[in-house]
Each structure stands twice: as C-alpha cells, then as structure tokens.
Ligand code: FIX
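First, one chain by itself in structure tokens, the form predicted on its own.
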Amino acid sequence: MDSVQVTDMHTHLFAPEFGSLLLCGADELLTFHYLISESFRVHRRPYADFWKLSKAEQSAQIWQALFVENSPLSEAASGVISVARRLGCNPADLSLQRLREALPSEPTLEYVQTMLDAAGVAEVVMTNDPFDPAERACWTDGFQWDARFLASLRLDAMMNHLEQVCPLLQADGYEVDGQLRGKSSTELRRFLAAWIERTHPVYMAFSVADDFVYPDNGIRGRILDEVVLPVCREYKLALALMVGARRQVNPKLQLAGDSVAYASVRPIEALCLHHPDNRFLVTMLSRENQHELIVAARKFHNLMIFGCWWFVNTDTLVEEITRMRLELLGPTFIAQHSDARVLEQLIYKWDRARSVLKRVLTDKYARLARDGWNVTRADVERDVDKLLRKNFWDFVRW
C-alpha cells in the first residue's frame, strides 16, 4: 500500500506553469475553506470583518481559534499537524511561525516533486474551467505544462448557468443563445472541441445539486443530449458527475458556504441505460446516497464510482463506504481522490486514505485466508494497484 504510486484523479491543484493558481504554503493550508468555516464556530466574528483581513491575518486568526484555543481534532485541522510532522516539524512545539518556515509559499519545481514523492502520487488530474478568466489567460497557443499534471474539462458554468456565460462565448466567436436556440448546440460542440484540442483532458466533468434529473427537456438536459454526450463519444472521453453539492447555503462564507443534499440515483441509472456508449465517473456527496449508488454500479458496467468526496472524506465514512463497496463490487472501483486545493494537502489526504485501505483490506484478505483461499503478495499488489491507479486508467481509456 505504501509503495504504490497513486493517480490522484480529481484535485483542484494546478501545474507550476499556472503560476499563482497553484496554492501552497502555511497560509494557504490554514485558510482552506474547511478550516475557515470551522473557525467561525470559535471566534464568531462578523463574516465581513474576516474577509477584510489579509491572508496572513486570516491564517493567524484560524491558528488561534483551532490550534491554540482548541485541540485540532477535526479531519482538516489534524491534517495540518500531519503535514507539519511529515515535513520535519515537531508537532509538540509547533507554532504558526515554524509552520510558515517549513512550508514555502512559492512552489519551486523541486518542492512540487518533494510533495508528490511524500504523498506517493505519480500524477494528479487538475480541474480546468474554460470559463474562468485566470485560467483562460494561461491557455495560450502552444502552452506547455508539467506532464505530471493532467487536465480535466469542468463544465459547471455551461451546464448550470448557460445564460451567464453566453457573453463570453459570443466574445470568443460562438453563436450561442441562452435558451439554446438556433445554432447554439452546434456552436457549443465546436467550443468543447476547441478546448479538448487545447487541454487534452482525460475526462470532462460537472457538478450538480439534488435537482439533477434525467431525462430532462430543460436547458441542462438538452446540453447533455445535444452537446456533451455526443462530444464525449466523438473524443472517447468519460463524463464525471459529482452530485449532491448545495451551493451557497451561507453566501457570507463564500467558498466555505456550500453544503450537502441527498439526491436521486435514478438520473445516473437513466444516463447509463440510454447511453451505453458513454462512460460515467460518478461520486455523490451524501452519505445516504452511497449504498444506492453502489447497487447502480452493479447494474451498469459503464458506471465507475470514484472516491469519497468532500463531506464524506473522513476516516469514519471512508472506511464505512470502502467496506460497503468492496462487499458489493470487489476491487472494481476507484478507491479515493484527494480533492486537494493546496499542494501540501496531498500528504495527509493520501496518508489517511492508505491507512483506511490497509485496515479494510487486511480484514478482507484475512477472511479469505481463513476460508482457505491462497492470498499471495502478487494478488494484493494487483488489487491495490487497481484501486489506486489502474481502475481509473482502464476506465478512461476504455
């Protein structure tokens, strides 16, 4: 488990060539949105006052709230301690200043490699938004980036807010209407084709809340049927669906203000049934969705479950979900992704994923051995490699 080199198939990291979009360092680690929302439970200052602070002042306030006034017991807070320990700090004598000295805010190529090596990660898949101004500025003709960072094309803005992105599409020379009239579908396919040629994504993706339905005669359903699914088939790309995020439940928390909702699995089943030539990577945010999604994966071989996303990425829930998946699917799913937004998060997220998998797989192999099955080292190496790397690559290249 410790030696396998992981493919981290969903992150919010960027290659070093994207400049300031690649986040690293103590202040970025401490102002991760999980810790921001958690810190408000301690200091309870007005939201607007917090956002007026500089990044360094915000991290200092979070450090005081979560590491001085309280023990860092939460997943995200204890993850900071794990990172500090792995990078040579003494957690028993840790201060914000020492953490800043250990974690540089400028990611040199050597530092990036150190983080990947420490996490046991061979390559990461970025989340690339073709509608984000900062990202668009990077994707110039001939743009070259670190081969360890792979692209995925994120379509949330187009799928969920077409009218809002129409001015940008029109400025780029695409005749797109917010109600998908006229040549809009053809033009959106042309837009996606251009970005596929530019970014070479390993898959396309979008996230939706609990309002996702399929079949759907609305704008989102038509974009799926007339644009996204045909383009995926043409370019042999899987489509990743991330279901169950309720955006901006508390807008005053900004990025930290999103929440979770139980969502129907029936639209996923309908997509898999009616589009057998498409492949769907799916993760769901609600704990209550996990069993039903696993059963759906038993029925459709063009459905690949991946990772434990966001609010279910805690030791307790990862173990529960992984056991359930193994018991119903065997080792035919993608065990985990980091969802990392800050470079150093790779370390603690993959340390913990491996730790959970060790416990779960040890139990499963021990039971096989008690029943007389010959469990070999080669079997274990094969299965671990599938769960952390090969299942992903076999599916997206299928």
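All residue numbers are counted from 1 along the displayed sequence. The shown structure was predicted, so the numbers you read here are calculated from the model rather than taken from an experiment.
Not on display, but discussed next: the form predicted together with the named molecule.
Annotated contact segment (heavy atom within 4.5 Å of the named molecule in the model of the complex): 27-35, selected among 43-51, 368-376, 350-358, 27-35. For R154, a non-hydrogen atom is located within 4.5 Å of the named molecule in the model of the complex, even though that partner is not displayed. The closest heavy atom approach of W310 to the named molecule in the model of the complex falls within 4.5 Å. M242 belongs to the set of residues with a heavy atom inside 4.5 Å of the named molecule in the model of the complex. The named molecule is not drawn, but in the model of the complex it has no heavy atom within 4.5 Å of K390.
Checked against the named molecule in the model of the complex, the candidates H274, H291, R189, R247 yield a single residue with a heavy atom inside 4.5 Å, and that residue is R247. Of the candidates L255, L109, L73, A137, L255 is the one whose heavy atoms come within 4.5 Å of the named molecule in the model of the complex; the others do not.
If you take 315-346 and check each residue for a heavy atom within 4.5 Å of the named molecule in the model of the complex, you get D339, R341, in sequence order.
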